[in-house]
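Given next, in structure tokens, is a single chain: the form predicted alone.
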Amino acid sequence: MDPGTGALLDISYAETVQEEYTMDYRNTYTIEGGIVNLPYAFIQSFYTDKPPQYQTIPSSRLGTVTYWPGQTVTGIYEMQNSSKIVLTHRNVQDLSSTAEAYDYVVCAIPYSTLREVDIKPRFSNRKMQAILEYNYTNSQKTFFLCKERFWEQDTDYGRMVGGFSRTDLPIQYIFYPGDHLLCPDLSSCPPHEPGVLTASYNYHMNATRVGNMKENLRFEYIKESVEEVHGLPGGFLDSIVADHKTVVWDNEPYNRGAFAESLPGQKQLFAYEILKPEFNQRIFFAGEHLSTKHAWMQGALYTGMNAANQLACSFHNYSFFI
């Protein structure tokens, strides 16, 4: 079987089927200018007096936003004899702690780190069980900044514009940038231009084993593996790779896991319960781990929209009754 399926063979079969059924890999999109523009647009909307997304809503009714970067949530509490939710958070620089009361909260913390947050009173038993047990899969990505796109050159080892290669080597996948796919001819997008190659993208145990090699050894191993996949002589890439960067999601302090992947039985046990609000419809939940699109940003975006709609409905119903 292909390396991706093999690496995730112990997860629920439903995780594989639901991506194939909706053709997730055949309906992908790119953001012009790079994916970095997604968080930039999000932050910029905070500081815009008249966000274009709300053309029919007067600025006076939009309210204000206070953006606090660099804060780690340490506690979620329901105030006694009050409808307020108290969040405690710690500044990651000076470790100072702050407590703030809120009317509503949308919690998008991954379960891989939410288990360390103090929650009182506890959420429902089933949700607390999911927070403690829900499975996360590790993933590793290594990028090569190449002085030229050897994979696009008109040679036996080239002619790769976009797409990917898969291998039973531990690097698992090589992904090629697709920014030259729409070029009208080679003269406007020549292969001697610099490019960024995803030299290794792997999951689960391959990610853990390759990702935890010493940095210099990992770089050499991945470089040699790419040469082997392309049929290149040893050392061919030494003069081509100008820089590299590796991310191992298990080792990222605010993720500690690349994405949620339910083990057999976990979807049936947790899928409905983890979406339910808590603390008398005052705290709502969002994040890729709650969606049917695990490992995709689409899942996170969809659940964020759903949480906002749930909150709005709850607010209007509550206002109506009081």
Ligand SMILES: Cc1cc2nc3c(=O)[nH]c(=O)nc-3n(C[C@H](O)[C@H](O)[C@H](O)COP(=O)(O)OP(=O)(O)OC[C@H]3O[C@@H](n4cnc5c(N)ncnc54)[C@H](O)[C@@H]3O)c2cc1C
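Residue indices: 1-based, along the sequence shown. From a predicted model like this one, the values you see are computed outputs, not experimental measurements.
Same protein, other form: the form predicted together with the ligand, not shown, and the subject of what follows.
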4.5 Å heavy atom contact, Trp296 to the ligand in the model of the complex = yes
key: Exercise: Pro277 in contact with the ligand in the model of the complex, heavy atom 4.5 Å   = no
ask   = Could you tell me if Phe259 has a non-hydrogen atom within 4.5 Å of the ligand in the model of the complex?
value = yes
ask   = Going by a heavy atom distance of 4.5 Å, is Ala108 a contact of the ligand in the model of the complex?
value = yes
ask   = Is it true that Gln71, Thr113 and Glu288 each have at least one non-hydrogen atom within 4.5 Å of the ligand in the model of the complex?
value = yes
query = Pick from 144-152, 211-219, 113-121, 162-170: which stretch has non-hydrogen atoms within 4.5 Å of the ligand in the model of the complex?
reply = 113-121
message = Please identify the residue among Trp249, Tyr134, Tyr104, Tyr176 with any heavy atom within 4.5 Å of the ligand in the model of the complex.
response = Trp249
